[in-house]
Each structure stands twice: as C-alpha cells, then as structure tokens.
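The data below hold one chain only, encoded as structure tokens and taken in the form predicted on its own.
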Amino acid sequence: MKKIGFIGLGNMGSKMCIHLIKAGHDVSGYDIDEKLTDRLLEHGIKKETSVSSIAKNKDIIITMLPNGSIVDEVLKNVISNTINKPIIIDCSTIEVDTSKKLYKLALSKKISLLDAPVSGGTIGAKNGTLTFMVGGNQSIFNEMSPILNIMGSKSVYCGETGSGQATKLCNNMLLAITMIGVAESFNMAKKLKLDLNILFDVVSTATGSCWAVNNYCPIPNVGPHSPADNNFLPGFSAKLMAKDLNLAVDAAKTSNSTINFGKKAKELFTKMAEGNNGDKDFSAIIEEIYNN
C-alpha cells in the first residue's frame, strides 16, 4: 500500500482517485474547491486542506490540473514543503518547457518527477482505460507503472522529460484534425442525402477508417455509443481541445515544425470554445460545420 497525495479532483482526478482507493492505497486529496474533495469522502479519500499539508509524508504525489501556470505554482509548493522525497507524477497537459523546468527543480531537491498526461477523457478516467504518455527517468517509470495501470489500461514510456507532454500534443492535434475531417465528410454525406449508418459501415472498414469514426462518431445513433448520443456531454470539451491545440502550436514554433492543418484546427476549435458550444464535447465541432 502506497501513501498517495492527489491534487486536482475535478472531472478527471476524482475518477482516477477512486480507482486508487479501490486498489487499497491510502489516498489523500486536495482541491481548491473543497466541495470536490468532500464528494470523495464516501469513497474513502482523506481530506487535506492545503498543498503544503498534502506534500508531507507521501510516497507519491499525483497532480491533475488545468494549465501550466497552476502546475508550476502547485509543484513548487510541493517541492518546497515535502519532508521525504516523494515521486511526483504530473498528469496535467501543459507546456513541454514547463515540464522540463519543473523536472530540473525537483531533481535539484533529489525528487523524481514524471510528466504523464493522459488520453481517454472522463470516460476513460471513469472506466480505468486511460492511456498514460510518460516522460522522465525510465527506472522511475518502471517503478510507477503499477500505479498508472490502476488508473488506466496502458502506460507508455515516451522518453526523456517532456516527452510525455510532447506525445500528448501530437496525439491531440491529430485527433482534432481527424475529427474535423469526419465532421466535414458526414456533413457532405447528409447534404448528398446518404444514409449515414451505411456511410459508417463503409468508412469504418475502408480507407477512411480512423478512431474518430470507429469509436467516437459525432452523429447520434451511428456507430458505438458516443457523446453525440448524449447531447455532446463531454467527454473531452471543446475548451480543453482548444487549450491543447494552443500548446501544440507553441510547441511547433519552438521546434520549427510545419503544422498547417494543426493551425487551422486551432482556429476552428478556439472559435468553438469561445462560442455557445465551448462546454460541449469536442466532437460537437460537427455542429459548427453544419451551421456553415
């Protein structure tokens, strides 16, 4: 049994915590919104009232936070207040450079830090089917794999520090681009008066096959159950996708990468995030396309 401190108990972190508790670990939680922590008390979480208190006497600290500036603030607090030398696993999606900077700070205090963003959204967090993309020391990754595999179904070592974040950004940029393509294709099919279930049957096994079609089709009652069948309740919101695409564009600039379709995806999802559909699942981009 590990003593685990979990910081960030929103839609993702709360569900990840429950899996750790069910597996028999001693889990303490903190969130700036105390109500989120209180909701987990019935599941057996121990409530902490500050970052500095949760940092003490833990074997592992896991963070799942909204953005890089918050991760930076929280992890600096953790690193300065820890008594022992916990292993820190940051599951947030943030800037590659911020991850690298925090890794160096942790290392200077002889603390291990893994960047381990996830894919799978709230559905994956609930079902324990997340994929972790991990950067950092490989021996620490090997040591932490059993913990990651409680919360997810797959954990992949991606390379040195920052590689987990970089992999996540590449993955989500590709997902955004393909979902736009799926939305445009099904929109055209609708206007051509095709049966969309027949189109799905063809595309899902033909050369247009992709995850966005096969598992997450943005048309209600077409393909496996997806957010489209639940009024686009996320899932993974358009606002989060827009955030990740902004990070991807920044990473492209620093690496001198050409991402013409990535920039267009950022433009479309940023517009969606700032409009009426921002809190819907990102697959609701099809509604934006239908309206154009």
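These numbers come from a predicted model, not from an experiment. Start at 1 with the first residue shown and count on from there.
Another form exists, predicted together with ligand NAD; not displayed. Remarks below refer to it.
A heavy atom within 4.5 Å of ligand NAD in the predicted bound form is found for exactly one of M64, A265, A238, I61: M64. Proximity to ligand NAD in the predicted bound form, defined as a heavy atom within 4.5 Å, holds among T122, T178, N171, S204 only for T122. With ligand NAD left out of view, the stretch that reaches within 4.5 Å of it through heavy atoms in the predicted bound form is, among 41-49, 221-229, 28-36, 248-256, 28-36.
Although the partner is absent here, S92 is a contact residue: one of its heavy atoms lies within 4.5 angstroms of ligand NAD in the predicted bound form. When ligand NAD is considered in the predicted bound form, V118 lines it closely, a heavy atom lying within 4.5 Å. The shortest heavy atom separation between I285 and ligand NAD in the predicted bound form exceeds 4.5 Å. Ligand NAD in the predicted bound form comes within 4.5 Å of a heavy atom belonging to I70. Scanning 1-22 for heavy atoms within 4.5 Å of ligand NAD in the predicted bound form gives I7, G8, L9, G10, N11, M12, G13 in sequence order.
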